[in-house]
Structures are given as C-alpha cells and as structure tokens.
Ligand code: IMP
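Quick heads-up: it's one chain on its own, the form predicted alone, in structure tokens.
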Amino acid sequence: MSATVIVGGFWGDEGKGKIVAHVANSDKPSIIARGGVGPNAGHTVEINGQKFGVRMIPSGFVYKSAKLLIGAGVLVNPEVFLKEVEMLNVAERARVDYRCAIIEPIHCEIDKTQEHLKKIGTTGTGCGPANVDRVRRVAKQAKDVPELKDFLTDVPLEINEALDRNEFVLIEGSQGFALSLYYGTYPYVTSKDTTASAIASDVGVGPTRIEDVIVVFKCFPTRVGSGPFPTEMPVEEAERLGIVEYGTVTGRRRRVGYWDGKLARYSAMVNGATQVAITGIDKLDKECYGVTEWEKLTQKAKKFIEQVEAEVKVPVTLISTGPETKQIIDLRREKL
C-alpha cells in the first residue's frame, strides 16, 4: 500500500481539513501524518454541527483508529500541541518526531514586532523566526523539551514500517501552493516550501512511496494578509455572493477572488497532482448545498467542474458541498 498526500492549491484556506477528514473516514489509514510549516496554519473540521480548528494535530483526528504523527519538518509550539491533545483527547494517538524544531516565546515576539514581517502579513505565531533559528542550527528540538517526552517518536520509521505492512498512510500538508517560499508570491509567502514533495519530505517518505497527490482548490480562492491576488474581487461583490470568511489562526477577514485556472494548472503541475478536490461548490450555486451525488448537482456546478478539469488536466474526484464532513461527493472510484 502506498501513501496519499493532500495539499492546498491556492493561498491556503482551501478546505483541506474537510477533505483530509473525509478521506480519513472513508479510506481508514493506520497513520495520518502532518507536514508543513507549523501552527501558523489552521485547519477546520466540522462534524455533527461541532467545529474544530486545529493548528498542530492532523485534521484526520476524526478517524479514531489512526495514529496522529507530526513530521520532523514541522515546527512545534509545545503549548499549542498539548492544548490540542487535551481538547481532542488524543494523548494515546498523537506523537511528535523527536527532531521537530521548537517555537519559543522569543520567536513569537519577533514575528509580531519586526516591521518587515508585519508588512508581509505574517500570522505572528513565530514560525518564520523559528525556521531562521533552525537554518542557523541553534533551534531547540522536541527531544529537548521535557513536556513532550511522552509524545516523542521516529515518524519516518513508523510510516515506512506501516507501508511495508501494506497499510494506508495519509499525509496532510498545510498552507497552499501560492504561499510556498520557492513557488509562491514572494516575499508574501510562508517560511518554507509547501508543495507535495516538501510535505512528503517533512514526514520522511520518499517519492516512490507516494501513490496519489490530491490538490485542493476552492471555487472562489481566498487569501489572508498582504500580497498579490490577480483575480481578487471587490469586497462588495464577495458580500453579494455571501462569501465572508475569516482566517482560522488570525481571525483576519479573507480576501476573495474569482476562479484562477492558470494558477490552478501551474499548481497541479508542480505538485504532481493525480486528483483534484473542489470545495465551496455551494458558494458557486446555493442549490448544491449538502448534495452527495453528482447527478444532483446543478448544470451550473457541473459546467464549472468540467471547466476545472479542462484547465487543470487532472480529474476532479472530490466535491465539497458544505462545511460538514458528510457534505461531499466522492467520485474517486468512478474516475480512477
């Protein structure tokens, strides 16, 4: 059995948490591992009317039989991690690679006060400054923090041994392609690469063990903070469409744009997408809210999905029709 990587295709906030939670529940992985930057990314999962915003624990926590691992490439804020472990009651399942670099209070202070970082629109969670210390080889590691001693593990070893046993592993990214330090709208980007290759590297999985890469796109892309946004629409138009959203971590209002087929195609290419997940189809057409079958989508929605496939050249296999985990159309078995 090989692994599947799920990443964001635009500027984050694409609804990856919902897609990860659905795939976890339906495909039953033995391990869900989180790559990405750190607690500057918030993933929202909504189940039975209850909403969870997680910043460290993988969004697939909803599937209770999976181990929840944080890869060595991820920055860890011990306070945030321990709070989420308690909130979600996952102490028996959550583990951190002993090599993870640690975010300390000084990193958060620098993140919130440095003028250049404020101009970029950083989240203030300390990730950029912590990654600077990591590159300088002076950052603390998880193995140096007593509060984390009961949660330490070797994530690459656990994942690769699970794959050797023919088990399914789900790997969850953070942020989005256009926030990649290498490929995004520099300098208005995050502090490392966010593509599928980097996410796999974060958790110690080689490219030959990845079978699928699911890239998540929103019908109406959004962006929090400063930086270029070629298809951005006026605030009034977003409000007319009923698209008023706020960032999970910062609480800042998200800027809203029209579909960007050119960026989606480039993102799918660099990520090596084998499947595309589309979220927010109910924002495109309210009649699609809660629909779980392709046949019940409106013609407007179907035409949009067909347009996405024509532009991106990758099959759309998952279509989110609302915030709840169960509000989804899953076409994976039909299209692959």
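If you're wondering where the values come from, they're calculated on a predicted model, not measured in any experiment. The numbering used is simple: start at 1 and walk along the sequence shown.
What follows is about the form predicted in complex with the ligand, which we do not show.
Trainee: State yes only if every one of 42, 175 and 179 has a non-hydrogen atom within 4.5 Å of the ligand in the predicted bound form; otherwise state no.
Mentor: So, yes: the whole triplet contacts the ligand.
Trainee: Exactly one residue in 156, 225, 261, 78 has a non-hydrogen atom within 4.5 Å of the ligand in the predicted bound form; which is it?
Mentor: By the 4.5 Å criterion, the partner-contacting residue is 225.
Trainee: Just one of 133 to 141, 188 to 196, 147 to 155, 91 to 99 has residues with a heavy atom within 4.5 Å of the ligand in the predicted bound form, so point it out.
Mentor: That would be stretch 188 to 196.
Trainee: Residue-level contact is defined here as any heavy atom of the residue lying within 4.5 Å of the ligand in the predicted bound form; does residue 252 satisfy this criterion?
Mentor: Yes, residue 252 sits close enough to the ligand in the predicted bound form that at least one of its heavy atoms falls within 4.5 Å.
Trainee: I'd like to know whether residue 233 contacts the ligand in the predicted bound form, with contact meaning heavy atoms within 4.5 angstroms.
Mentor: Contact check for residue 233: no, nothing within 4.5 Å of the ligand in the predicted bound form.
Trainee: Looking in the predicted bound form, any heavy atom of residue 120 within 4.5 Å of the ligand?
Mentor: Result yes; residue 120 sits at the interface with the ligand in the predicted bound form.
Trainee: Let me know which residues along 1 to 27 have a heavy atom within 4.5 Å of the ligand in the predicted bound form, or say none if there are none.
Mentor: If the 4.5 Å heavy-atom criterion is applied to the ligand in the predicted bound form, 1 to 27 yields 11, 12, 13.
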